[in-house]
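Taking the form predicted on its own, here's one chain by itself in structure tokens.
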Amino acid sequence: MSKGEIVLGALAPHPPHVVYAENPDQNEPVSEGGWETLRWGYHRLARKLETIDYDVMVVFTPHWQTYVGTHFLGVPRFSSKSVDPVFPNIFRYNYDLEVDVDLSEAMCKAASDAGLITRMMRNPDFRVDYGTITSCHMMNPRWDKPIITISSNRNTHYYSPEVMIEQALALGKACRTAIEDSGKRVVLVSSHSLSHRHFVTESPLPEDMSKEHIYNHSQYVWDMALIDLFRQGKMREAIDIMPEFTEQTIAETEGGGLVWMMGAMGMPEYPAEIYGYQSVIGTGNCIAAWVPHSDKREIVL
């Protein structure tokens, strides 16, 4: 069996607004569009993925929160309706997805062998979180590849950002070991925004782009500082400033998704491909990709 590998890692923000604006058949509400910069960036990333041979998407989401260890999906298929708890008016999505249970179990075991607390999630009635659904829909709207979702252990809240970083890096390395042993080609997905201060009221028409802007200039400056490190291929420096970035911007990086992905990819020293940046309800959202094979890389933004 050939050695498995990570063929792409993506920072894939999951505001449900982008699915709402797409008007897919799976989502019940109907929109007049909106957030085009972000959606068009996702379209380009989706087209790129069509040129890359891969077997499964592995998603780390901050909206499946676990308080005792890291959990992995362990049921072959999930079919249900996902309703966003904050925005049920725009996201009521009927999903039907396949899970690569074999690789999920292998990652769970590798992480446990590395000393992390892990558990397989075997409940067939479990509702897959909207973060997973949004990111996967925008990257692969055909849903023709199996996925794996990994929960976000609340290390930042229980301990500190520094503990979160240590644990997430260890989890990433363990996942890479399992992927290499599996012989499969894998796309990693870190599903979250960057700055996450957001509006507390919604305009009468959610897709009214005249109301959309970043929460404040400070959030924008922090986002750009981190994205600049992405573009320079300085991921060690990006992880070093992560505790302060997270504190200053209330960022979803607190869940550990980006750190996990960088740990799995060995801290890339090549530039990320930036596909788009746009505010959604005041939050900062960046679509970015890290591509290990140099012949598949391109300068996007």
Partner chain sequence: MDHDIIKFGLYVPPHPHPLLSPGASKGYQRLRDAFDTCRERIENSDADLIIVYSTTWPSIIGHQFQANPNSEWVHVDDDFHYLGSMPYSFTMDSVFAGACVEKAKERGLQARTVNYDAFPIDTGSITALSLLNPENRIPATIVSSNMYANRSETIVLGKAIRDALTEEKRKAVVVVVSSLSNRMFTEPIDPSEDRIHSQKDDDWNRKILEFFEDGRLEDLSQLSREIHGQIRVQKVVAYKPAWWMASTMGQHNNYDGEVLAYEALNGSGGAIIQLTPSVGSIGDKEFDEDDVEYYRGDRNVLDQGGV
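Predicted model only: the values in this text are computed from it and were never measured. Residue numbers count along the first chain shown, from 1.
This next part talks about the form predicted in complex with its partner chain, which is not shown.
Asks: Please pick out the stretch from 45-53, 240-248, 65-73, 261-269 that is in contact with its partner chain in the predicted bound form, where contact means heavy atoms within 4.5 Å.
Replies: It is 65-73 that comes within 4.5 Å of the partner.
Asks: So in the predicted bound form, does any heavy atom of residue 100 sit within 4.5 Å of its partner chain?
Replies: No - in the predicted bound form, heavy atoms of residue 100 and its partner chain never come within 4.5 Å of each other.
Asks: Does its partner chain get within 4.5 angstroms of any non-hydrogen atom of residue 144 in the predicted bound form?
Replies: No, no contact at 4.5 Å.
Asks: Can any non-hydrogen atom of residue 121 be found within 4.5 angstroms of its partner chain in the predicted bound form?
Replies: Yes, residue 121 sits close enough to its partner chain in the predicted bound form that at least one of its heavy atoms falls within 4.5 Å.
Asks: Under a 4.5 Å heavy atom criterion, is residue 213 part of the interface with its partner chain in the predicted bound form?
Replies: Judged by the heavy-atom cut-off of 4.5 Å, residue 213 is well away from its partner chain in the predicted bound form.
Asks: Report the residue, out of 77, 231, 157, 173, that has at least one non-hydrogen atom within 4.5 angstroms of its partner chain in the predicted bound form.
Replies: By the 4.5 Å heavy-atom cutoff, the listed residue in contact is 157.
Asks: Heavy atom within 4.5 Å of its partner chain in the predicted bound form: which residues of 185-222 qualify?
Replies: Going through 185-222 in order - heavy atoms within 4.5 Å of its partner chain in the predicted bound form - the hits are 196, 197, 198, 199, 200, 201, 202, 215.
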